[in-house]
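In structure tokens, one chain follows: the form predicted alone.
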């Protein structure tokens, strides 16, 4: 189809309607093939290419599942309260309050206000990291020759800047991030052991415990020892569910977690939400 004229370009563009590629958002989300729940409950369905990013505002109670479809995704995650972006994921508090440096089912993702932004409700991977953050422009330039967003080897922080800007945030709003699907463990001598991926199909499901802005950069882990920039597709699905409530096993799993949920409930009650 000729595109030398405006009419030709328009006709060519319109002819692409309905085309699907491996990496793209699917709209409406309910048209996603083989959904994990009733299709009408889906609110987000997207495949994020390696070296790319995505973002979405999710309502309290929404569950979202990340899946490493090919075995070499690494989902770097940041969370901000949707209405109060100064309240954001605090990785240090997430680790120290729960006495646990390793992410997995049952872990709460905390803000610096002692409240729960999200909880991990399922995990089939077990290869995650709360210690190293994401890659930077300087480091990627040293390793791969470039780290800018449009390069073949974009850095995670550079992609986070783009995702943040689309939500009214700037670089000052980007704290250290968590990452899923490429694991790191601490050896007895304090050095880090990169454990890599569990393989294709690993997934982690999180539940938004408040209205949150989700930022995701799918880039190689910063301590991945491979010399090549290796990053494969990440599947993101989200659906309407309900937040954790008193009496749920997760609410009372630990004293620290119960206090974080109580802090969250008090905050929401004062706003007339819970």
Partner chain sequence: MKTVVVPARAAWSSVIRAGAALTITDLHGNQAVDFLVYDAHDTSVRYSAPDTIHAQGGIFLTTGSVLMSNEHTPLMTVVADDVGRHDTVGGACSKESNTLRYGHHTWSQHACVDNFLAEGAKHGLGKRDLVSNINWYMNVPVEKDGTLGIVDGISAPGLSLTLRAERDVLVLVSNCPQINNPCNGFDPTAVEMTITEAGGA
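Everything numeric here is computed off the predicted structure, so don't read it as measured data. Residue numbers count along the first chain shown, from 1.
There is another form of the same protein, the form predicted together with its partner chain; it is not shown, and what comes next is about it.
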(request) Counting only non-hydrogen atoms, choose the one of 58-66, 242-250, 215-223, 25-33 that falls within 4.5 Å of its partner chain in the model of the complex. (result) 215-223
(request) Name the single residue among 149, 106, 133, 196 that comes within 4.5 Å of its partner chain in the model of the complex, judging by heavy atoms. (result) 133
(message) Under a 4.5 Å heavy atom criterion, is residue 101 part of the interface with its partner chain in the model of the complex?
(response) yes
(request) Give a yes or no for residue 170: in the model of the complex, does one of its heavy atoms lie within 4.5 Å of a heavy atom belonging to its partner chain? (result) yes
(request) May I ask you to state whether residue 81 is within 4.5 Å of its partner chain in the model of the complex, using heavy atom distances? (result) no
(request) Classify residue 122 as contacting or not contacting its partner chain in the model of the complex by the rule of any non-hydrogen atom within 4.5 angstroms, answering yes or no. (result) no
(request) May I ask whether 19, 41 and 75 each come within 4.5 Å of its partner chain in the model of the complex, counting any non-hydrogen atom? (result) no
(request) Give, in sequence order, every residue of 191-217 that has a heavy atom within 4.5 Å of its partner chain in the model of the complex, or say none if there are no such residues. (result) 191, 192
